[in-house]
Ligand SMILES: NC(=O)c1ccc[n+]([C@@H]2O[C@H](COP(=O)([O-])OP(=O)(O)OC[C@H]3O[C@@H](n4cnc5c(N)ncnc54)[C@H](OP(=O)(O)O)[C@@H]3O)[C@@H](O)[C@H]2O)c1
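In the form predicted on its own, a lone chain appears below as structure tokens.
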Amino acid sequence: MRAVVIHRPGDYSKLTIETRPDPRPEPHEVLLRTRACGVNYADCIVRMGLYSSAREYVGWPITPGFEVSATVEAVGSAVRGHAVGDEVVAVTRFGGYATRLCVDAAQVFKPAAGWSDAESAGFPAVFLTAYYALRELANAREGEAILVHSCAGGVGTALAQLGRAFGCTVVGVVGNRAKIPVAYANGAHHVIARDEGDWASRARAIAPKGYAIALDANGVDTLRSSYDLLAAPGRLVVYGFATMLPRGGDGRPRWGKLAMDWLRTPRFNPLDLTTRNRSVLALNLSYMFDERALLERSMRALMALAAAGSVRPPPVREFAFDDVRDAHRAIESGTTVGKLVLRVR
């Protein structure tokens, strides 16, 4: 097998492709031959050495990757419901950037009918994040107004689609006006471009009474405004801090900027939360893989929505497996939309 391996944190040059022995499945696992691997911004944070769960669960060296589309090559002795030759989609806590990998059978699912390998590989991580944020944490209800940052990105397009499917009014925020059509195409009812100035005032004008839910992975640049735009009651869901990290350049973190942004990050006072009737919620999908029942329930709900046509895969841009450095460079540029995927031959 071939795998992308990071031996030490750093820039794009730390992404090396190595040949390793094929893995063998444990009794509860399936051996997968990968067809495509999803690329997420979290993978870049892993490469930089800033992803806490990567340090806790794996350490160095590490193979990044949370999702694949694949063919089952072998099944463990205790596995039921999967057979050799099945086409599947799988989620994994790291290890996805590989031509073969072993995954617990509970993390392997039947893909949506008619989707390409790349579309299937780009679906699980962003839609599981979005589903958990909206349904499990924020308990989105029909008729509520929700504010979705990065609405043309992977999780953002998933949030927009799910928000519309749940009967919410979706107001999307994107980095620049070129991304507006993508947000609309994925379900947003209104879209605001931050490069057109004072996005918060325009968001307030669309929902004068405030937002039931704001979903923010930007961090310090928008977090305080997202909180201030909430209705009472209202829920702010935080699932990332992208603006603290580099855009373009050599892929290395800027330690001075990280320190300054950490100091500028809002701190939410419990007394203020109580008197203003607001909640701040947060998630990191990589810490939830032990919650098997939740993972399976969420993935099956998403597959049902996909089968019904209520959600569809985000826009996908493919890179060859050997071009993994280009994929990381692209996703860190801030110019991409939808999902990036590594194509495995």
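Given the structure is predicted, the values throughout are model-derived calculations rather than measurements. Numbers follow the displayed sequence, beginning with 1.
Not pictured, yet referred to below: the form predicted together with this ligand.
Residue Ile45 is the only one of Met299, Val58, Ile45, Leu305 with a heavy atom lying within 4.5 Å of this ligand in the predicted complex.
Distance criterion of 4.5 Å from any heavy atom to this ligand in the predicted complex singles out Leu245 from the list Ile206, Ala74, Val220, Leu245. If you check this ligand in the predicted complex, you find a heavy atom from every one of Thr129, Gly153 and Lys179 within 4.5 Å. The stretch from 164-172, 246-254, 181-189, 115-123 that comes within 4.5 Å of this ligand in the predicted complex, counting heavy atoms only, is 246-254. In the predicted complex, this ligand lies farther than 4.5 Å from every heavy atom of Ala54.
At the 4.5 Å threshold, heavy atoms of Gly210 stay clear of this ligand in the predicted complex, well away from it.
In the predicted complex, this ligand lies farther than 4.5 Å from every heavy atom of Phe109. The shortest heavy atom separation between Tyr239 and this ligand in the predicted complex is within 4.5 Å.
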